[in-house]
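Before any questions on how it binds or moves, here is one chain, the form predicted on its own, in C-alpha cells.
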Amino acid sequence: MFAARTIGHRGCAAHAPENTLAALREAAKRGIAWVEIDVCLLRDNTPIIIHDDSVNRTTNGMGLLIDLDWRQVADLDAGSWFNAKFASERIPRLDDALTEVQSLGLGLNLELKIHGAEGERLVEAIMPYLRDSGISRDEILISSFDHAALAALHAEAPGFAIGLLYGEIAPDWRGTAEALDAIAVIGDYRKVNEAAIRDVTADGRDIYVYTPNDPKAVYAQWRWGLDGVISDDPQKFL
C-alpha cells in the first residue's frame, strides 16, 4: 500500500544520532525515501522526538521526560554521545521534525512512544501538528505498541494510516487491525515467522519488520511476502 520498502530506523541510527534532524538529513543523503522516528511527551505536553522515557542515554542531561519541560531540554546536547561532530544537535520538537521531513521530501513512520498512561494526552498533543504539517496522508504512517493510543488517534482522525506494532505478532492481530482500519502490521524480525507474514499479506495488509541490520537476516522473509524493513542501516537494503 505504501511505497516504503526500506525505512530508516530513528532516522538513520547507524550513521547519525538517533531521532535528530541530522539523522533525517543523513537518511535523505543516502537515498532513503522513508524514515521512522519516535514521538514522546514532556511534562508540559510538548511532543518531542526521542525514544527513551528519559534524556539520560542520548543527551548530556538527566531526568525522566515526565519530570521535564521543554525549556529544560531545548539546549541539551543530543549528538556528542554518538560522535563529537554532532555536538550541535538538539532534541527536536515534533513540529521541527515534521518541517524537516517535508523539506527533505521524506515519507514518515511516526511511532507513538508511550511510557506510562499518557497515550491519549500524546495523541491530543500531536494532532494539531499533524493536521498543519502539510505532509500528504500518503506519506505518513502512525504506529505504536500501544493500540489504545492508536484507537484514540483513529477516533480523532480516521484518515491517518495506522500500523500495529508487535514483538511477536499476536494471534488476535486481525481483529485489532480491522477495528483500527490498520494498513500495516510491524513485528520484530527475530520473532516473525512465515505463517504470520503470509496471514497478514493474505488479509490485504502490509507487513514490516524491525530492526534487521544485515540483509541476510531477512532473506527468507522476502520470499514469504515481506513488504519492507525498518533498519538502522537502511542503505544496506537498497
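All residue numbers refer to positions in the sequence shown, first residue = 1. Note that the structure is a prediction, hence the values are computed from the model and not measured.
Keep in mind that the form predicted together with a small molecule is not shown, yet the notes after this line are about it.
TODO: Assess the spot marked by R5, I197 and D206: is the small molecule within 4.5 Å of a heavy atom from every one of these residues in the predicted complex?
DONE: Judged in the predicted complex, none of R5, I197 and D206 sits within 4.5 Å of the small molecule.
TODO: Would you mind picking out the stretch of 60-68, 198-206, 31-39, 170-178 that comes within 4.5 angstroms of the small molecule in the predicted complex, counting non-hydrogen atoms?
DONE: Stretch 31-39 is the one.
Task: in the predicted complex, A16 touching the small molecule (heavy atom, 4.5 Å) - done: No, A16 stays farther than 4.5 Å from the small molecule in the predicted complex.
Task: Close approach of F145 to the small molecule in the predicted complex, 4.5 Å, heavy atom - done: Judged by the heavy-atom cut-off of 4.5 Å, F145 is in contact with the small molecule in the predicted complex.
Open item on the list: Please determine whether E89 contacts the small molecule in the predicted complex, using a 4.5 Å cut-off between heavy atoms.
Closed with: Judged by the heavy-atom cut-off of 4.5 Å, E89 is well away from the small molecule in the predicted complex.
- [ ] Decide whether M127 counts as a contact residue for the small molecule in the predicted complex under a heavy atom distance cut-off of 4.5 Å.
- [x] The answer is no: M127 has no heavy atom within 4.5 Å of the small molecule.
Task: in the predicted complex, the one of A152, I135, L165, L104 near the small molecule [non-hydrogen atom within 4.5 angstroms] - done: Exactly one residue meets the criterion: L165.
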